[in-house]
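Listed next as structure tokens is one chain, alone, in the form predicted alone.
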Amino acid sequence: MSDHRLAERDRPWMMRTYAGHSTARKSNELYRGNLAKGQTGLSVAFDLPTQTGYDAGHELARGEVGKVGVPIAHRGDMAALMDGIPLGEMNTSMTINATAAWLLGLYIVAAEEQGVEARALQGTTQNDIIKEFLARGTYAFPPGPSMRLIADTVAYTVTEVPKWNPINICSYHLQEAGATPVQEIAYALSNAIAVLDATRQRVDPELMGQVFARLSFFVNAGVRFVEEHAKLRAMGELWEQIGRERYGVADPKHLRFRYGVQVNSLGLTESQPENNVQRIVLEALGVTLGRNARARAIQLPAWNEALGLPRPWDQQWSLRIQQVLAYETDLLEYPDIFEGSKVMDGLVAELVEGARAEMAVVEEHGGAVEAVPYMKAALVDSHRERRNRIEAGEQVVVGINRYAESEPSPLSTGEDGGILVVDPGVEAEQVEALERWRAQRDADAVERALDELRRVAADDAKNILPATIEAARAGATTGEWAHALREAFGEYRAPTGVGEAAAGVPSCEQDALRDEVERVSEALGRRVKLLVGKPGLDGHSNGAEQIAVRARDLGMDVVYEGIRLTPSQIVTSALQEGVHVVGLSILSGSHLELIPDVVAGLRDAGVDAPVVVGGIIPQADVEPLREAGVAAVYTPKDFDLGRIMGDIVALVAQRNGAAAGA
């Protein structure tokens, strides 16, 4: 056999579909259907209350139950979710962070009920809190205790669940928040160093090689797939260096850079959504073309994720993309096709140099935990630069700022609008089911288990996993587990990065808008004031941050308190701050429940400020929002922040009798 072909075709990567919605039983049906279609691993999406540690029925859970994932409140839900799926054979990835230790505990208990020992379990808990502070927002506890939870999970699994990956250092959401390839590499590896340093204090030094080997990564791959592939080779090179030099890891198997991937969702468009299919295929090439840096597991988004939740058919399409790549093309028949490439070697060297320099800056700030405010502000700046390039036409997005003329898409003209809509009755059903669970369990056993959990949480020398697993066995709920730890660890609000973001580069358009803001402010007798609010549990704050930064750069006073606010908190803030306009951002599908609550609350409080809304909002929901009193609705197709800012200033002027020429 010649050296330019493999003696034997490589095995395909693990194929996953990120899925879950409504209830555990409905999600179980979806999983079993996907496995029957050829999916080779599970990837569980949890709803926002589960991710942030709230039970259905909590004020912050309103409108969020079962929307972006499956609600899991206790071991009964986990057993239903995994019913008929042999956990001793399945490789399960759980996208869960703040409550990762708890969901792993529930998974271990569900396996016990199937007669499967923890030592046999294979899979991953994402369990990456630092990126939640930076990019995704589903944190629950302050940084210090959060790092302890991560380290405890790593230390426990390395001996008790040795086939499990206790953390996926997740650079995926960093890119979604605007990270450049250099930033994605640097912040992810700095994050990994923080995790390893914290874990080193909680394990036998002889286990550090095994600890290093069990850390995996979950990365993003954008449409610039040549550069994206170089990024992964650069990460592998730096990861091996970190292992050898900082942690003394010598075994080549332990030093291997292991990663799974979901390709980029940031670049998926609501306009001409059929273009997303080719984007997804090209992005998948970035993590499959080069054998030496090929992904171990892949999950692809669906073509319609900029519109709403994908249906089973849409997810099947994404799975079939993977299967065509793996089985119909010749990708798996050759050695590494980039080996010796002048272009690839040059790109890798460039990224390694840039990442090392940025990692040094993070280290100067005290490491990844202490550097969260710095990294957050840097991501806000990078995302703003990306938006500015698109608005200026310097970065082409087909169907958005070039070739926007289009025929109507038949993919999204069906009765369902081309997306899955979760039954709004699911939330009430979950609340009732939770009440039944609490009524039938041994309440005394639960309280004893939670008391032990609080005791262990208060003792930093103790590992929290055994008490967590006991609470799961006793029948405690997600909200009860998280509440016990909130009592021990306290609450926390992450930095927004808005105040620290650098001033924007002036332009003629922005100068004209700034002049209009000055004119309207003078007519009002004080500065135009905008409140940007994120009601509910949606932590995708990138858009809200960009609105806040742009409004600030145009000379408005901006009130932005970050994520996870109740409607009443937003109303109180609007009243106390005397704002002229309220901007609400929701991407989780809870807009029809939460936005009318905010509008009604503002009316009741006597706040006469127009409300504008942005987010992933289906066209069918626009009119109901307008009927509820919303003045304007913006969706992902509305990429031009300058136009949105102009609309907002005009609304304020009109509402206050300060319109031009008035």
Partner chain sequence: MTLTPSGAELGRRLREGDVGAAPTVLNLVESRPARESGEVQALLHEVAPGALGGEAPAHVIGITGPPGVGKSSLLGELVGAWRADGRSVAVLAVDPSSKRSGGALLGDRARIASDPADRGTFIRSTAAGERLGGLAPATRAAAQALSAAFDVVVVETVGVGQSETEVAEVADTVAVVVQPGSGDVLQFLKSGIMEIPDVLVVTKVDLGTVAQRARRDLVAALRSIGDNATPVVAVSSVAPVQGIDDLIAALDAHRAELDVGARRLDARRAGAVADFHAEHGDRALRALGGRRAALKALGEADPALEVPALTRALEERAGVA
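Positions refer to the first chain, counted from 1. Small disclaimer: the values here were computed from a predicted structure and weren't measured.
Not pictured, yet referred to below: the form predicted together with its partner chain.
By the criterion of a heavy atom within 4.5 Å, D553 is counted among the residues contacting its partner chain in the predicted complex. Heavy atoms of V182 never reach within 4.5 Å of its partner chain in the predicted complex, leaving it off the interface.
In the predicted complex, no heavy atom of F257 sits within 4.5 Å of its partner chain. Contact check for G414: no non-hydrogen atom falls within 4.5 Å of its partner chain in the predicted complex. A heavy atom within 4.5 Å of its partner chain in the predicted complex is found for one listed residue only; from E333, E391, E577, D83, this is E577. Residue in contact with its partner chain in the predicted complex (any heavy atom within 4.5 Å), chosen from E160, D451, E561, D345: E561.
Within 4.5 Å of its partner chain in the predicted complex, a heavy atom is found for none of R320, L420 and P424.
Only one segment in the set 451-459, 485-493, 291-299, 275-283 has residues whose heavy atoms sit within 4.5 Å of its partner chain in the predicted complex; it is 485-493.
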